[in-house]
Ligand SMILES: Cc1cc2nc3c(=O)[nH]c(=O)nc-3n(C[C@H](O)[C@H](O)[C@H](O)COP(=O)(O)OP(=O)(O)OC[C@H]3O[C@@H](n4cnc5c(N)ncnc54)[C@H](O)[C@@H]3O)c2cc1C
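Have a look below at one chain only, the form predicted alone, in structure tokens format.
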């Protein structure tokens, strides 16, 4: 016999947990189905940045041309593993079509506002006595460069961020030393974004779980969704290996796994799993005062409660979960240019984390109802900004479920916008 849930959230990553938390605060009963353990996907090993400066979508002019140079280099920041996959080819075609200045102008205000709202919600959570500490701090972040090409790219992005109303400071070498004491020695300059913030993603996941459990929410780890039954324009049954479920509302927030699950419902979500890597040093000799990003290679270096995390790369390799330490080597090699105690030696496999980021071809998340299934809400496709956007995503999903007036224009994020 099927069990019934008021709201069934599929996915226990940071977006699924933030959504469950938002629904519980509105008095809904929530059950979360997670195929592994909470945060086991892209949430756990990310750089912990809450970054309003991420207002340029992945699909932007010049990305395709740069990517073609990188495709055959196994150690490049962006790599596509060659394979005959119609879904990947369709995704790449859609991605290429969005690499225009017009799309950047369309997407940037949306990304800015989502990230700023996410940051504001984190400030509220950090100040609330009911929330466990997740090391949130208004650290700001610095993008540093060591080449003239990197400087020119950073200046263009800084101009776009300033035009979008963000707080931006362009730094020469001497000014960089003031903002980032004992910082990267090879950097020629940088751009400081004071509105960026930092948190510990593992502590955040733990804090959200604690709040969900305190509010009566139920998390079921090790529960993979294997299929669905539809009836009269609704999801009638959600199937798992041990139990069938019915629900008044179903939230699909399974990160990169949202697309294959949506296919079981006859839906086409253009979400590709983009594997990212990070390496965490448990006991570094020193940590920087604030996080910074290496412009030329997109490597993020973040202090994290006495640890140091180096994160980067984007690899479209399907659901190949194997850890290729060669993909982590360029992260460390670039970090070693700036951080004295980081060595560029190939790391041991157990020291390297890899996770799948859910990427859409236009660089915007997918948040909204599906017209063909009136009890389904989709919340996925956040790419590298799942941590930044999860609180506002949860709020928007809760508004949809409750039938409230949306606090954000949802049409640009609609699941049907690619049709």
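Nothing here was measured: the structure is a model prediction, and the numbers come from that model. Positions refer to the first chain, counted from 1.
The next section is about a form of this same protein that is not shown, the form predicted in complex with the named molecule.
- The single contact residue among 183, 140, 276, 303, judged by any heavy atom lying within 4.5 Å of the named molecule in the predicted bound form, is 276.
- With the partner omitted from this view, the residue of 317, 308, 269, 261 that lies near the named molecule in the predicted bound form is 261 [heavy atom within 4.5 Å].
- Mapping the unseen interface onto this chain, residue 257 counts among the residues with a heavy atom inside 4.5 Å of the named molecule in the predicted bound form.
- In the predicted bound form, the named molecule stays beyond 4.5 Å of every heavy atom belonging to residue 352.
- In the predicted bound form, the named molecule lies within 4.5 Å of some heavy atom of residue 14.
- Although the partner is absent here, residue 223 lies within 4.5 Å of the named molecule in the predicted bound form, judged by heavy atoms.
- Proximity to the named molecule in the predicted bound form, taken as heavy atoms within 4.5 Å, picks out 249-257 from the listed stretches 131-139, 249-257, 96-104, 145-153.
- Contact residues in stretch 361-392 (any heavy atom within 4.5 Å of the named molecule, taken in the predicted bound form) are 382, 383, 384, 385, 386, 387, 388.
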